[in-house]
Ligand SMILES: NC(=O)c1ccc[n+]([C@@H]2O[C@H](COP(=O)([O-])OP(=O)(O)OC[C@H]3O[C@@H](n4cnc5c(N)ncnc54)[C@H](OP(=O)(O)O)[C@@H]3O)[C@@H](O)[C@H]2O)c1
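Encoded as structure tokens, the following chain is the form predicted alone, with no partner shown.
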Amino acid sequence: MKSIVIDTFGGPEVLRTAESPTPAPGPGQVRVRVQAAGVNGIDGKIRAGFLPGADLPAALGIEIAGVVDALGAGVTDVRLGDVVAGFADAGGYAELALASTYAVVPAGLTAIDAVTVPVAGETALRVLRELAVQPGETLVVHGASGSVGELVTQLAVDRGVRVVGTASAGHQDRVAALGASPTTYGPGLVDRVRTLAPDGVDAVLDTTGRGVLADSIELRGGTDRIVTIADPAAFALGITFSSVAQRSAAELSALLERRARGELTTTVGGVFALDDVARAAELNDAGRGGGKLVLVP
């Protein structure tokens, strides 16, 4: 089967197409004929060698949607031919991949739209738990127009939380449509947020890694209830860096159902052939995806 692998760490140029052995599902796994694979920040970190313990050669990709074509021992919750979305156990940038945490894609939802949900949805639910936001509180979401930011914003608004969302000038209307009060990045951010939230800020999420932690501390008056998923400066500042996934098939299924009913919005920033993975990786590394970037084998 065709897959994307790396033999050395580096930029998008180290990604290459390879013929790999067809994987066989183990107990509790399904094999998925991949129709869509999500491009995520962690893929770039593995490729660049930023994560300890990464071995070479490595197959990339942790987020997939497609058709179940083989079942491992003990799998009874899906059947051959079901369309599922979930987390690839390894090597999701491929024609075939294995998954242990997955959910059936509701009728009417395409694989390309479904693959926008697993990673961003898991991250959104996790950070909202870590921030413990409550109805009536104010949450600042840095990067509210990104794939994680847009789901966090919608889920928080659904819970009665007021959201101030930062984004580039071109995405202000999009952030407002999610139910947030939008503002831009850059100098004067603290004053702009205080104008939008005169009673103060109860929690802050940084999805961007764009150096907003100092402003976040000023808005909060300390480091409590600030979480980042992108800025390693958090470790020196005493801010929570959230990175340990809490994958749940039940939560994924509920999010996919809501996405299919139109209760949640997710954005596809671009669709690329598997052989064009380097271009997708380049855009994702630069934060210029405009939403979830998707590979189609």
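The numbering used is simple: start at 1 and walk along the sequence shown. Model, not experiment: these values are computed from the prediction.
The next section is about a form of this same protein that is not shown, the form predicted in complex with this ligand.
K.L.:
Spell out, yes or no, whether the shortest heavy atom distance between Val84 and this ligand in the predicted complex is within 4.5 Å.
P.N.:
Answer no; every heavy atom of Val84 is more than 4.5 Å from this ligand in the predicted complex.
K.L.:
Is Ile42 a contact residue for this ligand in the predicted complex, using a 4.5 Å heavy atom cut-off?
P.N.:
Close contact exists here: in the predicted complex, Ile42 approaches this ligand to within 4.5 Å, heavy atoms only.
K.L.:
Is His171 close enough to touch this ligand in the predicted complex, meaning at least one heavy atom pair within 4.5 Å?
P.N.:
Output for His171 is yes: heavy atoms within 4.5 Å of this ligand.
K.L.:
Is it the case that Arg16, even though its partner is missing from this view, gets within 4.5 Å of this ligand in the predicted complex, heavy atoms only?
P.N.:
Outside the cut-off, so no.
K.L.:
With the partner absent here, would Val148, Ile229 and Ser242 each sit within 4.5 Å of this ligand in the predicted complex, counting heavy atoms only?
P.N.:
Every listed residue reaches this ligand in the predicted complex, so yes.
K.L.:
Mind telling me which stretch in 257 to 265, 24 to 32, 42 to 50, 64 to 72 gets its heavy atoms within 4.5 Å of this ligand in the predicted complex?
P.N.:
Of the stretches listed, the one contacting the partner is 42 to 50.
K.L.:
State the residue from Arg126, Arg192, Arg225, Arg162 whose non-hydrogen atoms include one within 4.5 Å of this ligand in the predicted complex.
P.N.:
Residue within 4.5 Å of the partner: Arg126.
K.L.:
Of the options Ala156, Ala103, Ala203, Ala167, which one has a non-hydrogen atom that comes within 4.5 Å of this ligand in the predicted complex?
P.N.:
None of the others qualify; the residue that does is Ala167.
K.L.:
Can you name the residues of 172 to 209 that have a heavy atom within 4.5 Å of this ligand in the predicted complex?
P.N.:
Going through 172 to 209 in order - heavy atoms within 4.5 Å of this ligand in the predicted complex - the hits are Tyr185, Thr207, Thr208.
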